[in-house]
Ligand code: LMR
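Starting off, we have a lone chain in the form predicted on its own, written out as structure tokens.
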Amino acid sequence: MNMWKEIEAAPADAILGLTEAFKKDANPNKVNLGVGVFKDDNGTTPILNCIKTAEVKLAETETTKGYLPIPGSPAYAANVQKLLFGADSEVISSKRAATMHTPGGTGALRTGGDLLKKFNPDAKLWVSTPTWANHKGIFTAAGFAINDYPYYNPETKDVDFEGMLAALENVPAGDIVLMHVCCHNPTGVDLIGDQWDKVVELAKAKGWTPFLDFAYQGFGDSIEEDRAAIEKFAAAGIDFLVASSFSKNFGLYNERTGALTIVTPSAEETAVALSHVKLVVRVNYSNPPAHGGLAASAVLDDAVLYEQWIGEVAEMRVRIKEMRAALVDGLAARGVKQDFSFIKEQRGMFSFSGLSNDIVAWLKENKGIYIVNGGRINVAGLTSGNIDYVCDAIAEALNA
């Protein structure tokens, strides 16, 4: 019996499949603006200097490769919580949060999904329109029916906040609402302070569970400012979850270093939640990978390395903003009539560029420029070496 003979091959991932096609492209000028990784001005995903120093220290002092506990290192969990809530947060002092070291942010999302499905099997999960391409796949695999709530207004190039609020008003108690904390992927547009206040009030009043995806802390305004929404949810005294990642802000992409943090109204409830999420992890991956978490903790525990890390995150953030400006100004200088100035106002690595799928296909076929359908651009893929080529190509496509 040939198990796979009559089975069709699965379609390539919308984003990772684009990278596979990019690698096969023989065009010497090709540019990958699809995959969501930070690139420096040489087009390289760098190892942060603070991480290199921390890894040297680990190599010199590490004495075992034994398993970590199911939740991971307690020191790692403590450092994650300090970044999420602030070192002096009441959430930490009252022990209302429990943190699991997970295989990346994706692992955190799936672990949280499995936990929620176990105790609320009839709940639906709500995602923004649009959202990260993998969100629906992760939570569908966890068994959830997926609903959408309005988020992006293509006319104003901003958040459709009134539409979003109206939809969230009607989310049933017990359902789960997935939200991006900052640097929304794929649009690059975020809620602002008083808007988050209204969302928190609504979650508390309606009884649905917020699940916050926090993959880009430090890429918006700063490490502290980017966590403002999480602090608001924490102050509300409600149940919520946070999936966070050190892929971007520590450059630990291939170490798969993430965390799931569960927050409840009391230490007693948090202890119960922790006991059950341990069971979810045990039958999934048993124990987290150690190295990335150890390296991140080594940085966060060392005052000198911590300051170096803050500086390196700032450098990445500034480079992304500079590339946003270079793209907007470059297109304007080439006589493109369409207004792209909104790209400067977006935050984080991604931009909903406004380029149509026809333009995206033309750029790929004729110029070797790879962009995800829908026009999402990874701005960090732009460099001083390719920005003129990209601007020339987009201008040619739009002015044709």
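We number the residues from 1 along the sequence you see. Only a predicted model underlies this, so the values are computations on that prediction, with no experimental measurement involved.
Missing here is the form predicted in complex with this ligand; even so, the following discussion is about that form.
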Quiz item: From the list Trp132, Phe240, Tyr76, Phe139, which entry has a heavy atom within 4.5 Å of this ligand in the predicted complex?
Solution: Trp132
Self-check item: Heavy atom within 4.5 Å of this ligand in the predicted complex - the one residue of Leu68, Val336, Val35, Leu48 that qualifies
Solution: Val35
Self-check item: Non-hydrogen atom contact Phe144 with this ligand in the predicted complex at 4.5 angstroms
Solution: no
Practice problem: Give a yes or no for Ile15: in the predicted complex, does one of its heavy atoms lie within 4.5 Å of a heavy atom belonging to this ligand? | Solution: yes
Quiz item: So in the predicted complex, does Asn185 come within 4.5 Å of this ligand, heavy atom to heavy atom?
Solution: yes
Quiz item: Is Tyr216 close to this ligand in the predicted complex, meaning a heavy atom pair under 4.5 Å apart or at it?
Solution: yes
Quiz prompt | this ligand in the predicted complex: contacted by all of Lys248, Phe350 and Arg376, heavy atom 4.5 Å | solution = yes
Quiz prompt | Candidate stretches 339-347, 361-369, 58-66, 35-43, one within 4.5 Å of this ligand in the predicted complex by heavy atom | solution = 35-43
